[in-house]
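This document contains two forms of one protein chain, each encoded as structure tokens and listed individually as structure 1 and structure 2.
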Structure 1
Amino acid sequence: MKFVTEIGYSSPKKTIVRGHDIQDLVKNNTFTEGIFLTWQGRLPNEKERKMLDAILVSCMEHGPNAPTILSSRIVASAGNSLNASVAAGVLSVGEHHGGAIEQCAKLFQEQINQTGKQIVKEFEEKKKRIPGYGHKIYTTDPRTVQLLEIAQKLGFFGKFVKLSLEIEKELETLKGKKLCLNVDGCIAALMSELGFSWQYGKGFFIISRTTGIIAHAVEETVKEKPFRRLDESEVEYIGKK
């Protein structure tokens, strides 16, 4: 097997990441700058760093209810190592949980030369939902509001954010009710402003949420007895008797 890479390499003498000696990065850079560099090939300026920090903080922990935390705690409860528990948590990031970031960023980046009207019409004709819009509870997603405020202040209210809001407006016109740009769609627009390719979409959610996954897996291991089971009342068998 042969691996060809633009990302980095390591030899006994030194480790290089995107052209930078890792020793220099350790001395001079934050973890967020390191993520930006590794994924995009250049270090961010101060505004880009702040925007990425806001995105990464926004998804890092939302309590044990979500699939990412649940699956991780269940695997930890069966007596597994931290890495196995974290892997189970990361596996829960799927099409329906964080996956909209990827699909929505793909849409924004591939169709940036179209208008919001054209995009909404195209999805309407295919009878498909546009990823990154709508929320079970919110008519306005407060996390979107906040991230966009920060984006405006830092100067990231560019063509991708504008397209994302145009689509939101067109959807409202078409449907007669608001289908808000949710936090997944907002991150999709902002990562595009920052220059990341859409294939990294789930990556922001994964590395951010790994924070909470690790904390919950450790808590389960240290504080709880083995192992998690559903109560009998939580299962209903409707098969052959």
Structure 2
Amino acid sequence: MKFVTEIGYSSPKKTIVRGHDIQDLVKNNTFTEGIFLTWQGRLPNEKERKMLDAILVSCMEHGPNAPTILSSRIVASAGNSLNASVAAGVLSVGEHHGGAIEQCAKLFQEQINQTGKQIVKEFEEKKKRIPGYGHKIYTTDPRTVQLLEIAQKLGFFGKFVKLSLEIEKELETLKGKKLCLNVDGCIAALMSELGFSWQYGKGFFIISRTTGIIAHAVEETVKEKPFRRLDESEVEYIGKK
């Protein structure tokens, strides 16, 4: 069996990551820069690093009611190891939780030459929901607001961000209510501005949210009694009696 890779290798003498000695990276670079290097094959400039930093912070934690955290805490409460609990949280990333980054980035990158109006019309005709818009809690996602402010300051308010906001405006006109560009959709636009392929979409959410998942799994193990179960009032049986 043989693997061919451009990413890295290790030997008894040294470890190389995209042409950089790991010892030099440890000495001179941040973890965020390491992510950029590993995924894109080059080190970021200062503005790119700051933008990626902001993206990773934006979705690292959102409370225990999110599927990633809830799943992890339940598994931890049953007496499982940290890695099993973290895996449970990561496995809950799907189409409706974190997965919209990938879907939305794919949409932006493949249809960047279309207008927001054309894209909204196309999805409406197919009776499909545009990923990255709307939120169960927010009318305006505060994380999106902050990320866009940073993007404007750093010079990443480009064609993908403008398309994302154009779609938001068209959706509001069509639906008669605001379906905000949520943090997933915003990250999709910004990762596109940074030059990342849409295939990395879920990776942004996984790396960021794993921070919160680990914290919650440890807290559940250390501070809570085993094991979690629903109260009778939270379960309604509707089958045959």
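For numbering, take structure 1's sequence and count from 1. Rigid core (definition): largest C-alpha set, two forms, superposition within 1.5 Å. For clarity, every value in this text was computed on a predicted model and none was experimentally measured.
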Of structures 1 and 2, the form predicted in complex with another copy of the chain: 1
After fitting the core, Lys175 CA displacement of 2 Å or more between structure 1 and structure 2: yes
Thr140: Cα shift of 2 Å or greater between structure 1 and structure 2 (core-aligned): yes
